[in-house]
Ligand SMILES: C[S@@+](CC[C@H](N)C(=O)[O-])C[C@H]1O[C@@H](n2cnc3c(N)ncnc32)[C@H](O)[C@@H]1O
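One chain comes next, on its own, written as structure tokens: the form predicted on its own.
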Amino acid sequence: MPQFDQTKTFDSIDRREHFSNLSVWLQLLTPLWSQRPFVELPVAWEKDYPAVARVLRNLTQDQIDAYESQPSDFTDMPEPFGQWASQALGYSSWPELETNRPAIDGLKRPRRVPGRKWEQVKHFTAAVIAHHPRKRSIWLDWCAGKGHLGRTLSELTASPVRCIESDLRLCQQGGELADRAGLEVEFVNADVLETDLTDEFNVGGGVVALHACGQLHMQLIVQAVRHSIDFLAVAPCCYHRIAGQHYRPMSQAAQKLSLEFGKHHLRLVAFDEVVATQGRKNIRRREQAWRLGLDLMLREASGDDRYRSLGPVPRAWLTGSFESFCHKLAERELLSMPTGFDAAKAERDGWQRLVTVRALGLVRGLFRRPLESWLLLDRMLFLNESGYRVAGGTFCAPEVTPRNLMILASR
């Protein structure tokens, strides 16, 4: 396995070397991040690392809560857990991007812009302002929503902005906000995956995208290269929202590898709960426990010991009883429920299993940021291969948003 030099930071080593070493590391430790405890128990890697599994299975709920968002902090563990954690931190190391803080310090949060969203916009904009090579003739805000980012850029650079957004209602609301602020911001209602936006790219200028999901930001990067856009700033999000069930690497460097990711692997990146409210965490725990309870019951009743992926459920289903939740899901998915099932026991079993699933998941959690780093590097290398000068790093603290990595590219 390639050794990571702890004395070096990401910006002091060769990007391709780092990507190559990270790829080898992920390949060698594939069972640790690819196997999902809620799908199979025991997890296959437990027989290879029994000491690690034993300690994890004996964790208390409080210990799991303490380390789930940052499992590398859990130091009281048998090896090789500590080695995995140290390597994960090394492969996840990113520099802080230079930002122009004075440019945004005087900005006041506009009405109807949520506080945390506004902090993301400000930090992202500060990085853009610090790195763009010259004043833009026009900005293109990709998947703009109501155009909070676009309006901020327009205000700071005194340049026109064109916001691309697929939701007509958001376009209308964003247009009203821009008009009230007296800013030169235009909205284009278009699906970026279906619409030919050549005319939008041909106006020149810079393109920005703050948390465009999966295929949306990948499409932007490809189109920016195709149209020779001279400045690009992207903070990716929701890497699992891709076309198809398997990830198709962007860079030639990644395409040469045997490393493969399914959509369910990419979901691991978004499993952190750094900014989730306690209420959201509680709802998520309930849904996880109820799904696991139903899963155990269906396995026992059918004799078919396999996990069934049952898709998302309406939030309202989680406000009733566990028994009602089971019947609604069974009706929707055409499942045969066992007659006279003990709902109270099944729910208890689900909650107990959730504790074990979350505990064993601390190993998988170590790979969350390294996997995100690999995906970001794939995009950066694609831009490098296409003739761009590329920088990558964090634009804000994880408390503002856990998706705080950003790519800046210029020609």
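This one's a predicted model, so the numbers in the text were calculated from it and none came from an experiment. Residue numbers run from 1 along the displayed sequence.
Below, we refer to the form predicted together with the named molecule, which is not included among the displayed structures.
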query	finding
Touches the named molecule in the predicted complex: V192 (any heavy atom, 4.5 Å)	yes
is_contact(S166, the named molecule) in the predicted complex, heavy atom dist at most 4.5 Å	yes
is_contact(R162, the named molecule) in the predicted complex, heavy atom dist at most 4.5 Å	no
L329: touches the named molecule in the predicted complex, heavy atom cutoff 4.5 angstroms	no
The named molecule in the predicted complex: contacting segment from 137-145, 75-83, 152-160, 305-313, heavy atom within 4.5 Å	137-145
Answer option from A178, M250, L216, I229, heavy atom within 4.5 Å of the named molecule in the predicted complex	L216
Residue (of H240, H211, H132, R291) lying close to the named molecule in the predicted complex, criterion heavy atoms within 4.5 Å	H211
Those residues of 102-118 which, in the predicted complex, come within 4.5 Å of the named molecule by heavy atom	K117
